[in-house]
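Next up: a single chain in structure tokens, the form predicted on its own.
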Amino acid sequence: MAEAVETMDGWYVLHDLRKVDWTKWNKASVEERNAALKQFKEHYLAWDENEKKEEGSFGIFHIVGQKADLMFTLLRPTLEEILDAETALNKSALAEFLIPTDSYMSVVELSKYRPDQDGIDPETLPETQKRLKPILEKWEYVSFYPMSRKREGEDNWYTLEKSKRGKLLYEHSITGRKYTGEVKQIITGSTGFDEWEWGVTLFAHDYLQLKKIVYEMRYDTATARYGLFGDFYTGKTLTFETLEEMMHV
């Protein structure tokens, strides 16, 4: 039996995807729309204050295409705090104009493929803790997608020896390093939490870099032979001001 790899787990993450009910929104009075946005601003400022205290993070994104209009990404230290934030959003006046289309639950994850060095547990290092409790980049563009590893006949990731898996992932990381400064990523684990095994959230200043990095990584064996992917959600990062502009279009 192949050896399982210990994971280091950080903040919980919810990707919450919704469409805007534009018909209902346009039929609402100016006063109702303004009141909904004013109330939502309180949520936004609370999320922002939470992030400044490094007690979580968040992002709001305008999604391209028909799968969703908005993606709210919330990071919190506990599942209970995720539930509280989600419930508060559901009870908001703005949520009356939003239709849930999808969601994804996971936790920030790093794998311990390499042994402890000099007897030091890598999970205790400040740089590791920073990666496990990330502040979301407010770069212009985002791409989120779930993925799993194949378990089909000869192409079964979970029957590979640990050293083989580690080597394939190292080769995979070399491709990613080519995009240092162009793309940043957060990997979240979702085994036992959601349908897929991982969630990948990518940030870029140039929208095309999201395509380029995923395309190039398709040629790495870890992906070419063992990768399975769900729907991709891509779009633009929103501030409260740009969200307000979007809703007034």
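Predicted, not measured: the structure shown is a model, and the values here were computed from it. Residue numbers run from 1 along the displayed sequence.
There is also a form predicted together with a small molecule; it is not shown, and the following applies to it.
Undergrad: Is it true that Trp22, Arg33 and Leu37, all three, sit within 4.5 Å of the small molecule in the predicted bound form, judged by heavy atoms?
TA: Result no, not one residue of the spot touches the small molecule.
Undergrad: Among the candidate residues Ile99, Leu125, Leu169, Ala93, which is the single one with a non-hydrogen atom no more than 4.5 Å from the small molecule in the predicted bound form?
TA: When the small molecule is considered in the predicted bound form, the option within 4.5 Å is Leu169.
Undergrad: If the cut-off is 4.5 angstroms on heavy atoms, which of these, Thr78, Asn156, Ser173, Ser103, is the one near the small molecule in the predicted bound form?
TA: When the small molecule is considered in the predicted bound form, the option within 4.5 Å is Ser173.
Undergrad: Can you pick the stretch from 52-60, 39-47, 185-193, 25-33 whose heavy atoms fall within 4.5 Å of the small molecule in the predicted bound form?
TA: Only one stretch qualifies here: 185-193.
Undergrad: If we define contact as a non-hydrogen atom of the residue within 4.5 angstroms of the partner, is Gln66 a contact of the small molecule in the predicted bound form?
TA: Gln66: no, not in contact with the small molecule in the predicted bound form.
Undergrad: Could you tell me if Glu109 has a non-hydrogen atom within 4.5 Å of the small molecule in the predicted bound form?
TA: Yes, Glu109 is a contact residue.
Undergrad: Is there a heavy atom of Tyr145 no more than 4.5 Å from a heavy atom of the small molecule in the predicted bound form?
TA: So Tyr145 counts as contacting the small molecule.
Undergrad: Should Phe229 be classed as touching the small molecule in the predicted bound form when contacts are defined as heavy atoms within 4.5 Å?
TA: The answer is yes: Phe229 has a heavy atom within 4.5 Å of the small molecule.
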